[in-house]
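This document starts with one chain, in the form predicted alone, laid out as structure tokens.
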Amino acid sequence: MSSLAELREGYERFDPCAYLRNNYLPPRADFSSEEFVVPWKLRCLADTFASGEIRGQTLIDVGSGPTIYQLLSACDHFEEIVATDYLAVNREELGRWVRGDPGAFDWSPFIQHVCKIEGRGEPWQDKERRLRDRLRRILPIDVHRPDPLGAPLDPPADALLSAFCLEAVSPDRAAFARALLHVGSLLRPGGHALLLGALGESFYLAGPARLPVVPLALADVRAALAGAGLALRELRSYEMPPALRTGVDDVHGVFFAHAQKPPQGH
């Protein structure tokens, strides 16, 4: 497996536009059926936020990459959303979307789908505007440092979200578990952590970059959450159908985990 230094070097070649094309256009982003992977991910998040239990002042999204789909159900429940990424090119891509720059990736099919499954009859443009208003900070992060943001988040986040980040930036399972422990420090006691990630994946492509991934099983996810002091509330998994195995990675499936940091005194 690669060392952390080799991983960082690989990410210097990461192409956000190629990554978005590979994963967030058809066939993977097909909204005609909930059987497809992108609607499955959006459904996990919509169902979890629909309970109304996960809410507060601040949600931090760890390793946002160049994507915002993972924040669409969250944005109704928090005053501020903090996006983070290690790569300047991804932070710039997010900034383009927030500002509505020409040439920014078009997330409107995702926003329309989330509004449909949430079923509140809201015009999708309202949700788009709300997420742009609440996505006020886009910060650099390094999940391999005990203090991933370089200083503690003050106040700590009420909730933490991370999609397809930790397993894609860790050289091995131990580094994945440590990274989860580090990002867990950004969360207040009693706060919620939501993770989406790859199962059984060893690489993915993003333009000229071929990036290694730690192949995780559900047991690895459970063990890492326990090691980070997070109590598992729900764990779901999705098996990637053959039609969506397009050669841009070798992912076998996707997991969704909802865990909670114990309240103080527990």
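In this text, residue numbers run from 1 along the sequence as written. Values in this document were obtained by computation on a predicted structure and should not be read as measured data.
The same protein has a further form, the form predicted together with S-adenosylmethionine (SAM), not shown here; the description that follows concerns it.
Scanning Leu131, Leu87, Ile111, Ile117 against S-adenosylmethionine (SAM) in the predicted bound form with a 4.5 Å heavy atom cut-off leaves one residue, Leu87. Of the residues Ala83, Leu180, Leu194, Ala168, just one reaches S-adenosylmethionine (SAM) in the predicted bound form with a heavy atom at 4.5 Å or closer; this is Ala168. Site residues Tyr19, Tyr24 and His144 are all in contact with S-adenosylmethionine (SAM) in the predicted bound form, judged by any heavy atom within 4.5 Å. Note on the interface: of 32-40, 62-70, 230-238, 46-54, the segment with non-hydrogen atoms within 4.5 angstroms of S-adenosylmethionine (SAM) in the predicted bound form is 62-70.
When contacts are judged by a 4.5 Å heavy atom cut-off, Phe176 does not count as touching S-adenosylmethionine (SAM) in the predicted bound form. Among heavy atoms of Ala163, some come within 4.5 Å of S-adenosylmethionine (SAM) in the predicted bound form. In the predicted bound form, S-adenosylmethionine (SAM) sits beyond 4.5 Å of every heavy atom of Phe255.
In the predicted bound form, Tyr204 is the single residue of 202-218 with at least one heavy atom within 4.5 Å of S-adenosylmethionine (SAM).
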